[in-house]
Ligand code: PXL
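Here you get one chain, nothing else, as structure tokens; it is the form predicted alone.
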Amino acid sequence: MKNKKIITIQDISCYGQCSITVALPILSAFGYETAILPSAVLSTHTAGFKNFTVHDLSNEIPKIINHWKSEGIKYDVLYSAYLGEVRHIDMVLQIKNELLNDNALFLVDPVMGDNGRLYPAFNNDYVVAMRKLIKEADIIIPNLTEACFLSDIPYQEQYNEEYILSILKKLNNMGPKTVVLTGVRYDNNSIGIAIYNKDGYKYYKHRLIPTSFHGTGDVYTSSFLGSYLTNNDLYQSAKIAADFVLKCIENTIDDPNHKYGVKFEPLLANFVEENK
């Protein structure tokens, strides 16, 4: 799918390795022309910083969409991630319906929570609206918390494969063609990715580093998308992206002052070269 045009809609954190600040360099490094549609502009990301500023761009998005329509601009891939407000979801659906070429790919990263809780900006109304969005998606990439809220299956910290399969099947039945579930742990030493679609269930795991870094989900989804557009293999792309996130964490973990993401940039050129 070389020479395909991507549009990604998510926020811009001016400082901090997350959202568009991650998606744009990774997808560009894979060779894909990537346009951005910011849902909001933040001075920093929201983890580890105080008194950050937020400027919502909801009023600008319809103007941008209308300008693109007037110019005849269309895209081959739509990638939505952190949106922030219920009304953004209808805007994403408008892009899907009016600004995509035939046979376009629609990927949704339904960013809204972690560790069993929604982020402070979100409530059940947002969850209900997000269900409408994932229904239209080709691929969704939730973490376990987001998958539980979307599927209305209670979140558990301890679980088995049967529990994960129940979530995957329910999400798949809600509309998305493929579910890629991140952060799946069946033991204390590993973590992995569960994939489910009409062809069945697959699981890939690697070693667990017992720490967390902001923005790794954005690194994962962007790496997955770049890889998938290149090789058109769901499992291989899930594996490639998971291994890259692990390397990024390893590259960052010895720097206690680097609290605003992972150091993916020094690894990006080799990563893309190895996975063209």
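Note that the structure is a prediction, hence the values are computed from the model and not measured. Numbering starts at 1 and follows the sequence shown.
There is also a form predicted together with the named molecule; it is not shown, and the following applies to it.
- Among heavy atoms of A47, some come within 4.5 Å of the named molecule in the model of the complex.
- Interface residue remark: Y159 is not counted as part of the site for the named molecule in the model of the complex, having no heavy atom within 4.5 Å.
- The named molecule is not drawn, but in the model of the complex it has no heavy atom within 4.5 Å of L168.
- A residue is said to contact a partner when one of its heavy atoms sits within 4.5 Å of a partner heavy atom; F149 fails this definition for the named molecule in the model of the complex, lying far away.
- For the options Y75, Y196, Y82, Y79, the residue carrying a heavy atom within 4.5 angstroms of the named molecule in the model of the complex is Y82.
- Only one of V184, V179, L107, V111 comes within 4.5 Å of the named molecule in the model of the complex through a heavy atom, and that residue is V111.
- Exactly one of the stretches 230 to 238, 66 to 74, 210 to 218, 243 to 251 approaches the named molecule in the model of the complex with heavy atoms within 4.5 Å, and it is 210 to 218.
- Annotation for 51 to 74: no interface residues with the named molecule in the model of the complex [heavy atom within 4.5 Å].
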